[in-house]
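There is one chain below, alone, in structure tokens, taken in the form predicted alone.
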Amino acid sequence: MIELKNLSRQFGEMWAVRDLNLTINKGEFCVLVGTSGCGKSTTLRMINRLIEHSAGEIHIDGQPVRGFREDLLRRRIGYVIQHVGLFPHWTVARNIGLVPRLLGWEPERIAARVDELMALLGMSAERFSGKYPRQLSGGQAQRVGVARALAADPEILLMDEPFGALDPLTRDGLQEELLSLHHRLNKTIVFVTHDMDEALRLADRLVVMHEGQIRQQGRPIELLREPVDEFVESLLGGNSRGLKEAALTPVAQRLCHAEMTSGVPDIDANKTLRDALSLMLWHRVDCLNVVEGSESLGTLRLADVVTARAPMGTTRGLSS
């Protein structure tokens, strides 16, 4: 879907990005991470030509991006930023319908698309469509930003630190919504973040950048278990990588189909091993009952968590 070939960007004497090669497959959720100034946001903005590349090539569906008119290219690529960028004197509905209006859609089609997207993002059209950005919470405004980016049904969604300014609870909820949207819509997403837990949770492909180049890329579990060097190991959490891997592994993968144990807490099968460890520590137990809804599935023992290891291809974010 997206190919970056020997991509470089120079600002004066400084190379922000240098000889970068990356292929992002259709429907893939690719997350760029790295320290400040590593070139990840510059790379993102070169894809839709908000920043022009100095050398190399960018292809979308096999076509060089410089073969597209800039305005048409940006209309076919959704773009979401941290501070949303909603027009303050436009209603929510008008903000969401911006790109379809620029594309000349009929008013009835625009209205139907706005209602569809608001429902998709859990916002009542009756309640929110007539509101202004100043009347929204941070999380609501960010949902509107995502809806606006999706309005013309683009194949690609670029997201630059979209949840960075939000409180942890709101951020967690929006991450879950974004994963759900990705599963339902199968968009190709390129996402920039400083938050490693967020990156590991969302990514199919994790790309670690350093000094304008890719240091390592692959499935999150691969990078956690086999970092290419000390920089990648440190960025991914150093000695806490085991807990980060536990946060990627569902309880259902480790449960034993044994009789339920009395006097210990229940845990949902879709929770992670990190959730399970936290619950065990809090209640001072070494076993939990695993449930799904009202159904009892078995038990999870501490030994099952710490002695077994999931295969490389079985945790979140590992589909090709």
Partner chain sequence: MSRLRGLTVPLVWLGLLLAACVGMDQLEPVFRWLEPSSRSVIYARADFLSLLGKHVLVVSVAGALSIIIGVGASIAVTRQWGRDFLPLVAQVAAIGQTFPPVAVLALAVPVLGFGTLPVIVALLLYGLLPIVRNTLAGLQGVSADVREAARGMGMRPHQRLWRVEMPLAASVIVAGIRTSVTISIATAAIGATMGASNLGDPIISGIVNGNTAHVLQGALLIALLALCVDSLFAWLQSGRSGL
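Since the structure is predicted, the reported quantities are computational estimates derived from the model, not experimental observations. Residue numbers count along the first chain shown, from 1.
FYI, the form predicted together with the partner chain isn't displayed, but the following is about it.
The partner chain is not shown here, but in the predicted complex it comes within 4.5 Å of a heavy atom of residue 49. By the criterion of a heavy atom within 4.5 Å, residue 231 is excluded from the residues contacting the partner chain in the predicted complex. Taking the partner from elsewhere, residue 128 is found to have every heavy atom lying beyond 4.5 Å of the partner chain in the predicted complex. Among residues of the shown chain, residue 148 is one whose heavy atoms approach the partner chain to within 4.5 Å in the predicted complex. Here is the short version: of 108, 71, 176, 167, the single residue with a heavy atom within 4.5 Å of the partner chain in the predicted complex is 71. Among 201, 219, 171, 75, the residue placing a heavy atom within 4.5 Å of the partner chain in the predicted complex is 75.
Of the candidate stretches 222-230, 114-122, 191-199, 95-103, only 95-103 has residues with heavy atoms within 4.5 Å of the partner chain in the predicted complex.
For the partner-free chain shown, just 134 of 109-139 comes within 4.5 angstroms of the partner chain in the predicted complex, judged by any non-hydrogen atom.
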